[in-house]
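One chain comes next, on its own, written out as structure tokens in the form predicted alone.
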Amino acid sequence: MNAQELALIAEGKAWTFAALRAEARRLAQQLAAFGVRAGDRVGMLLPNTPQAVFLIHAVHQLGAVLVPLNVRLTVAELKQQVRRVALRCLVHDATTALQAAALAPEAPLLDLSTADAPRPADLSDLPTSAYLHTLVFTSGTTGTPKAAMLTWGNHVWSAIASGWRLGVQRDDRWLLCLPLYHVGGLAVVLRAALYGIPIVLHARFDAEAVLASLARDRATLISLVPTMLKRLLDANGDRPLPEHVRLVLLGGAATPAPLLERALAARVPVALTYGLTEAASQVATATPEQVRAAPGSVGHPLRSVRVRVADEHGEAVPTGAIGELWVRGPVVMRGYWGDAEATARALTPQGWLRTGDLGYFDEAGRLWVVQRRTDLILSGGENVYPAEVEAVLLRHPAVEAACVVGVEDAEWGQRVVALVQRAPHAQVEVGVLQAFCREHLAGYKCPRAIWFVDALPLTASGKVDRKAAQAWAAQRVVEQGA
């Protein structure tokens, strides 16, 4: 890789790899002067900015552990995560200063918008592949935040396996509009550096801005979630993308069949992917040619990654039979930080990761994902765990019981809705409960609709019947024409 080749385009500026390394080293010295040492955990509360990219590489240079934090979360949600991992420092800028100030009792703050110039400091050599590189939060079905421990080796193997499947070309440029606090966005930053190709970084997804950038900056690769693809097609009038765009990596949520058909009709080179945080992003990916041949399949597992479709006893099921997807290989996380019980549930002694997702292999060895994690709602590429939303609703004194489900939505893939049983003699309006949720949850987690019911549907064993609740909610949406 030539150090003078382009590494980053953002905010109307450009950095070579030499300049990127210099910025990362300057920030690493700043962190070292702040007291950060190898193994320390550094929180990143930053939007998609060049400084966030510099920080990702700076933390790596120190051998410290990066903890990306979702800037869309409420302070209460962030406090849960920060307390769990015991940060050495929390890095923020002017845009996240208020959130950071509220978190100050939990970790020392480093404000990039006002920080002094760094003092010279000796930096360690780049750490080995076994070192813990990142703690990326991914909630469980109980709604309790869990931090997946990803090593540098996990990220490197993920980059190798993805590059082997999709190829790396000399003129590649990767347009990055996914948030850097998600493993998908973080993976692009690391892969681009390993491949020696530039990133075209966007602060957020904006369809018109992305279309203009694809033409102007000549990006050949772009990562999207289905909601983004739909908006891109809407803005582009279903015209083909520029010819130099060779790959639209699509993941983060199940892609509705009509959207995929529309993209293929517009000759968009879609590569469907299946992955998860605990496997450093990708597990299986179908190339654009494979997507056209078998629309909906996520293709074959990546090189070095094994996928088993297992029954309830962990035994492999026959071809075509649906079972739980188990994943094994050098991309699989070390476990969950400070949570031995959750780690034991997720990882078998043989190193298999139980994903909780359902799927099957066809006769050609292609993987089809039938359903993502049980009860998980995927709205606009964001994970929403019903138990977390229900816990907030149940904190309101007027709520006796609640069931949160996802219903199909053309714009978001799924929308979050709730069935609520009022407490005896309690009176409360829908708007009050929605406002209550907004006080305690990120906006994308809040129910778009709330319906009051006399009682929640129950199974024979007395548990809430989520399938019945979802069917009822879906019917209400149809009846209301929403």
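Not measured: the values here are computed from a predicted model. Residue numbers here begin at 1 and follow the sequence given.
What comes next is about the form predicted together with another copy of the chain, which does not appear here.
K.L.:
Could you check which residue among Trp157, Tyr385, Phe137, Trp337 gets a heavy atom within 4.5 Å of another copy of the chain in the predicted bound form?
P.N.:
The residue from Trp157, Tyr385, Phe137, Trp337 that makes the contact is Trp157.
K.L.:
Which one, Gln350, Ser113, Thr319, Gln169, lies within 4.5 Å of another copy of the chain in the predicted bound form by heavy atoms?
P.N.:
The option sitting close enough to the partner is Gln169.
K.L.:
Given a 4.5 Å cut-off on heavy atoms, tell me which of 98-106, 271-279, 303-311, 217-225 is the interface stretch with another copy of the chain in the predicted bound form.
P.N.:
Heavy atoms within 4.5 Å of another copy of the chain in the predicted bound form occur in 303-311.
K.L.:
Hey, in the predicted bound form, is Leu247 touching another copy of the chain, heavy atoms inside 4.5 Å?
P.N.:
Contact with another copy of the chain, no.
K.L.:
Is Tyr195 a contact residue for another copy of the chain in the predicted bound form, using a 4.5 Å heavy atom cut-off?
P.N.:
Looking in the predicted bound form, residue contacts with another copy of the chain include Tyr195, since a heavy atom lies within 4.5 Å.
K.L.:
Does Lys230 reach another copy of the chain in the predicted bound form, with heavy atoms at most 4.5 Å apart?
P.N.:
No.
K.L.:
Quick one: does Glu479 come within 4.5 Å of another copy of the chain in the predicted bound form, counting heavy atoms only?
P.N.:
Looking in the predicted bound form, residue contacts with another copy of the chain do not include Glu479, since no heavy atom lies within 4.5 Å.
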